[in-house]
Every structure is written in C-alpha cells, then in structure tokens.
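Next up is one chain by itself, shown in structure tokens, the form predicted on its own.
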Amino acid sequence: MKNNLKITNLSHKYKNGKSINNFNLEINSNEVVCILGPSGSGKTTLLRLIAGFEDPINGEIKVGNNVVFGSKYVPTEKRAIGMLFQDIALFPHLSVKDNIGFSLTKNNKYISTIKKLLKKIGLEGYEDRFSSSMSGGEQQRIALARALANKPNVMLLDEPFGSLDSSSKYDIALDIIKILKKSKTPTIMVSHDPQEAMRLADRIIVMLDGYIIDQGTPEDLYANSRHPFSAKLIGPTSSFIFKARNGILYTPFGKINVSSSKGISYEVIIRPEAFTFSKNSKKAFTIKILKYKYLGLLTELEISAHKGNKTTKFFIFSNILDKVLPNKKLIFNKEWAFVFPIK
C-alpha cells in the first residue's frame, strides 16, 4: 500500500481553551498539502499532534495502515515521521555524513546510504564538509537528507523556507518539494506565506481558530473562496460593506443580486481581475478618478462614489492603467466579486 496520512475527528485542548477542533484530513502519497492561517490558528499544534509531541483529547491519526493515535498509541520515535523546520538544527561539530547518518546504524551500508541521499538532494561529494562552510540552501538540503534517512512515511515541514534568502527561496523550495514528491512521501507544510503555498502545494487548507474554514487547489481557492478570511488571504482584494435593498447590493461598480431582501449587510470582496477595459463596451461604467497609486503589478484607484464626498478605493491591474486614465471607463466582472453575509 502507498503511504498516506489520515486524520479523523482530531481535537486538542490547551489550558486556555481548544486549539484544534474536530479536524479531518487525508493526504495521499505524492501529495503536498499546505496549512495556512494566522498565528494561533492551530497550524503548528497540528504538526506536533501528528508527530506525537502533543497528545489530542480525541480523534485518530493513521499513517498508512497503522493507527498511531486512537485505538492504540505509538510514541514519536516509532511513527516513521520525518520533520523539517525553519531552525535547520544541523550539528555544527559534525560533518555532513555524520549529520545525515545521526540516527542510522553504522553498518556496511552506512556510507552507501549517505551517498545515495546526497545524490538525491544534488550534493554529491559533500560527505566531509561542515555546515559552517555551506549556504543556507545547502544546509536545508542536508537537513532534508537527514529527515529522509529513516525512510519516513510522512513528512512534516514547519515554516521550512522562512530563513532562506528571498532571491533563491523558491528555487530551493521547489527542488525540495520535487524530491519529496519523487519519493512518494505525503507532506504537510505549515506556512504563513500565501504565495509560498500557491507555488508549492497541491492543496491548501486554511485554518482559523482551530477549524478548517476553506480548502482546495490553489486555483480553486483563488477563484472560489468560501470564506472572507481565505478570500483576502489568498490574493490581492478590495473589500466593501453594502446593505441589501430589495435583494440588490448597489455598488459603485454595478448591481449585485443577493438572496436576502431584509436589509442584511454583506461584505463584498473583489479581486483585480474583476476590472477590465473596453472603450466602446456597453457594459462599461464611467468613473471619476480622484487619484491613483502605482504599486507595480497593481494600481490602487480612488474614485468618487455616489453623491456627496464619498470615495472608493480599489485595485486594478496596472497593465490597463494607460487606457483607464484617459478614457475613465471600466468593465466590472461580477464573477470575481465574492459576497458574504455579515452575521
């Protein structure tokens, strides 16, 4: 059977309250799942529960065919789980081969095993180097080789690329993810960086206050966010509050139909993709631009909204700015507007 990880109805509680609430997740071999969420949402606690550093109050954790928490309990060192953290924690007084082989039995396969791992991570011939002479990316690869040395059934990554230089971060991260996928090791990665999750993960789980509030592929989450927090987290947005009148939200960009007609307020979260330009389109609306701020890929427009002194700010893509400024027209695509009732 291929490696997989299955978590069922998992809950955990600290003294000040619950941290994980009825958590369910299944990860297949060759799959990388990223957990996104703010500090305190339960991301790192989840990894600690899987590894056995903390004990849940109920639920089941199953690695492959083996229950490691639930009907039986398996201690950390016997769970066949690899871990890679932001703090690489290589032993500075040990060589590369001794760091990688720290938990291996020194038998006649010891050196050949280490050489195979070094080849796998693209660092052949580094056996006798020391971490002080290596770059951050090389050290992270060595830490990965050490984690893979015992052939883990699951890999846990906790902010593993946070300490890497931004110019090389994604190249190194993509190489490490490629190695994990090739070894068919189901992987959970915790991150606070949505762009990192979008680039590296097959599936993204968004956590808030110990609950899963949204999940899906990067493409699905970006285009079909199911919660206002995840909509804002996954990509650039502009956010507005409107009150429904007879089942309609009257926005500066056009009307949006909603199911309620009882004066309920809604949060409308709009991605820059919602705004396009066409000089002669009958669907275009006219705007009075008060000022704009160029931000590279995006430009923030401030326009006059309705009557009086009200203004509205929102993002458009900068590549249409040179057409929008002289013509003062935009087309609004409501498919890129996420509407959430305010409870």
Partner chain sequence: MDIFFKNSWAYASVILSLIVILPILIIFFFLFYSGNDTWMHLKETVLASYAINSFILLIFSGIGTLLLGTVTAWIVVMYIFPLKKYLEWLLVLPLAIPSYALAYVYSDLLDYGGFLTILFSLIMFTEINTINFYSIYGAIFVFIFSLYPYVYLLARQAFIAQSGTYIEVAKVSGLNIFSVFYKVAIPLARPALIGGVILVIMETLADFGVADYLGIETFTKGIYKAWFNLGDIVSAGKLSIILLITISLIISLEKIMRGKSEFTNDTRIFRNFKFKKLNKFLGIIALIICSIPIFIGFIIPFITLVNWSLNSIDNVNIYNFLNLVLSSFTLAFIASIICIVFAIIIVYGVRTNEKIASPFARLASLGYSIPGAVAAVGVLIPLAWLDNFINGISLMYFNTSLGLILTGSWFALLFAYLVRFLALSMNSVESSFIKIPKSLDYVAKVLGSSDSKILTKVNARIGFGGISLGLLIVFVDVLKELPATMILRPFGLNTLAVKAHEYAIDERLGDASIPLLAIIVVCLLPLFILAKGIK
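Numbering follows the first chain given and starts at 1. Predicted model, so just to flag it, every value in this text is computed and none were measured.
In what follows, reference is made to the form predicted together with its partner chain, a form of this protein that is not presented.
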query	finding
Any non-hydrogen atom of Ala147 within 4.5 angstroms of its partner chain in the model of the complex	yes
Contact test in the model of the complex: Thr76 vs its partner chain, heavy atoms, 4.5 Å	yes
Contact flag, Pro92 vs its partner chain in the model of the complex, heavy atom cut 4.5 Å	yes
Close approach of Tyr211 to its partner chain in the model of the complex, 4.5 Å, heavy atom	no
In the model of the complex, the one of Leu200, Met83, Ile270, Leu117 near its partner chain [non-hydrogen atom within 4.5 angstroms]	Met83
Contact stretch among 99-107, 121-129, 177-185, 226-234 - heavy atom within 4.5 Å of its partner chain in the model of the complex	99-107
